[in-house]
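Only one chain is given next, in C-alpha cells, and it is the form predicted on its own.
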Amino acid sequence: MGAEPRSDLSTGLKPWHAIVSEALKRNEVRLVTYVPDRVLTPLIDSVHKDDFFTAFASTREEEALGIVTGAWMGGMRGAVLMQTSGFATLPNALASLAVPYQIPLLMFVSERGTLGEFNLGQALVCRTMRPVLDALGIENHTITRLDELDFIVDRSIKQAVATQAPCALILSPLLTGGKKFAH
C-alpha cells in the first residue's frame, strides 16, 4: 500500500497532494509526466482527475524530462514526478539538455533512502542526489513541513520560469508519510 495523504486538521491545512496540485494550477503548469510511484499516487490521481492537467506515465525519467522539455519549447509548462532512484537516471539529460538550454523543468521527487529504508540502492541514491543537483547548479529544496509546502512550491515554480532554470522539489517522508514497509 502507498502512504496515506497527510493533512493537519488542527490547522485546517489540506493534504500535501492537494496543495501541490493547486500550486501547479495557479502557475499554469498543465503537463505532468511521471514514472509510477506509490508515494506520489495521491498526486498522480489528483492530476488525472482534473481536466486542467494533461497527465500520463512515461517509461523512464529521461523520457518524461524530454517530453516536458519539448512542451516548454512549444509554450507549455510541465513537471516530472519521480522517486529518488529515478533521479539517478537523469544527470546526463539534465547536464546536456535542461541546464544548458535553460529549461525550467520542475522535478518533484518522492524521497526514498532514508527514515527506515531497507533498500541499499535507494539509500545510496538518496545520499548522492543533492550533491549532484548542487554540482549541476540546480535549485533544490527538501520539503518536510505541510505549512511550508505551498510557499516553497509556488515560489520555486515562479523562480524556475523567471530564471529559465530547472528546479527539484524533494518531498520528504516527513511530508508525504513515505512508503509503507512490510515487517
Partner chain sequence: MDIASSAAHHANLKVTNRFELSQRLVALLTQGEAVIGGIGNTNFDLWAAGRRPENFYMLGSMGLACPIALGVALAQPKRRVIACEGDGSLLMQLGSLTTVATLAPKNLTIIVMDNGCYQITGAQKTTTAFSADIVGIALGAGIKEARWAADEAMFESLVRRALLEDGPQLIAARIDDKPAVATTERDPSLIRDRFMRGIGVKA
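Numbering follows the first chain given and starts at 1. Bear in mind the structure is a predicted one, so any value in this text is a computation, not a measurement.
Below: the form predicted in complex with the partner chain, not depicted.
Participant: Would residue 70 show up as a contact with the partner chain in the predicted bound form if we use heavy atoms at 4.5 Å?
Facilitator: Judged by the heavy-atom cut-off of 4.5 Å, residue 70 is in contact with the partner chain in the predicted bound form.
Participant: My question is simply whether residue 106 lines the interface with the partner chain in the predicted bound form - judged by any non-hydrogen atom within 4.5 Å.
Facilitator: Looking in the predicted bound form, residue contacts with the partner chain do not include residue 106, since no heavy atom lies within 4.5 Å.
Participant: Taking heavy atoms only, is residue 159 within 4.5 angstroms of the partner chain in the predicted bound form?
Facilitator: Residue 159: no contact with the partner chain in the predicted bound form.
Participant: Counting only non-hydrogen atoms and a 4.5 angstroms cut-off, does residue 42 reach the partner chain in the predicted bound form?
Facilitator: Because no heavy atom of residue 42 falls inside 4.5 Å of the partner chain in the predicted bound form, the answer is no.
Participant: The partner chain isn't shown here, but in the predicted bound form which of 126, 149, 133, 31 has a heavy atom within 4.5 Å of it?
Facilitator: Looking at 126, 149, 133, 31 one by one, just 31 meets the 4.5 Å heavy-atom criterion.
Participant: Though the partner chain is not shown, can you say which of 26, 60, 49, 141 has a heavy atom within 4.5 Å of it in the predicted bound form?
Facilitator: If I apply the 4.5 Å criterion carefully, the residue I get is 60.
Participant: Please name which of the stretches 133-141, 62-70, 151-159, 117-125 has residues with heavy atoms lying within 4.5 Å of the partner chain in the predicted bound form.
Facilitator: Result of the contact check: 62-70.
Participant: Going by the partner chain in the predicted bound form, which residues of 159-176 come within 4.5 Å of it through any heavy atom?
Facilitator: Read in sequence order, the lone residue that approaches the partner chain (within 4.5 Å, in the predicted bound form) is 164.
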